[in-house]
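A single chain, nothing else alongside it, follows as structure tokens in the form predicted on its own.
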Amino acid sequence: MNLGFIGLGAMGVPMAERLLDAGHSLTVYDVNPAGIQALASRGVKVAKTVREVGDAVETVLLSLPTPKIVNEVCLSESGLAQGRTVRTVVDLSTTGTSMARTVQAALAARGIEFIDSPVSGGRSGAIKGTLAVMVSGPRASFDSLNDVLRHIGKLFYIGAEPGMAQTMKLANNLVSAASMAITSEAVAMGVKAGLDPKVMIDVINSGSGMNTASRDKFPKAILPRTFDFGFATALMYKDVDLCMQEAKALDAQMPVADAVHEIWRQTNEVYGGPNDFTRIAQFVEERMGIVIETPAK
């Protein structure tokens, strides 16, 4: 199938590569030439504008960092809504429920279907094709996109209403963010008491406390002190903030989530931008006055 792909960042490039490996052809666009350069040897067609992608293909996939950028790519005067050929836009980004509904309604008025399809599993999942791919939209559209989306991960049909997949993604990322925060605090407390953090992580992973932070982030990026797991602090805070906006709109009382939101707000203030989200462990270290490392004998 001839597809468009807009957004060739840390997640976009490996997802695009998997689609190319599956035999799909791509017309791509990104404001950052580095992402395009990563695919240059794969025979992709490079568009000069978003509108050019919408003129070239019927189905366009998006992998973009913020709701504002998704809105601009879809609805600006030079966006996909003006494309002559595009009929389906599949948004793999995390934009929040409200933005998904806004974009869906605006594109529908132009005869373009919007499929809300955020993904979870990080860059490693994008590379391996093991992402959780959450989809909301008409069931028939979900079925028709199966041959495309199955190459990037496991598909979950969330529901027919626009934004439902975004709500699912925000709930998922809240749990992930909470795991990062509480595991950092628990391990830091243990280190302050004289425990070995590596032993702590081994025990947690063998017991009832095991979670994605203890299983993946601590062994790969925090204990080695590389802080390079592959997801930005600013993006994690953005996702938690979107979740809290959704909770407020629903009048859902979430006191634990409020605390998680606040620690990520503070972490983003100190380690925002492109800094890796595993830096939350350093933020906790600074507050406790310790470093998460094996204590001196």
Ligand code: NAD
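One rule holds for the numbers: they count along the sequence shown, beginning at 1. Computed from a prediction, not measured in an experiment: that's the story for all the values here.
Keep in mind that the form predicted together with the named molecule is missing from the display, and what follows is about it.
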item: Listed range touching the named molecule, judged in the model of the complex by heavy atoms within 4.5 Å, from 259-267, 66-74, 53-61, 37-45; value: 66-74
item: Proximity to the named molecule in the model of the complex, single hit among 119, 188, 181, 201 (heavy atom within 4.5 Å); value: 119
item: Residue 31, heavy atom within 4.5 angstroms of the named molecule in the model of the complex; value: yes
item: Contact flag, residue 123 vs the named molecule in the model of the complex, heavy atom cut 4.5 Å; value: yes
item: Residue 94 within 4.5 Å of the named molecule in the model of the complex, heavy atoms; value: yes
item: Proximity of residue 26 to the named molecule in the model of the complex, heavy atoms at 4.5 Å; value: no
item: Stretch 1-38: residues contacting the named molecule in the model of the complex, 4.5 Å heavy atom cut-off; value: 6, 7, 8, 9, 10, 11, 12, 29, 30, 31, 32
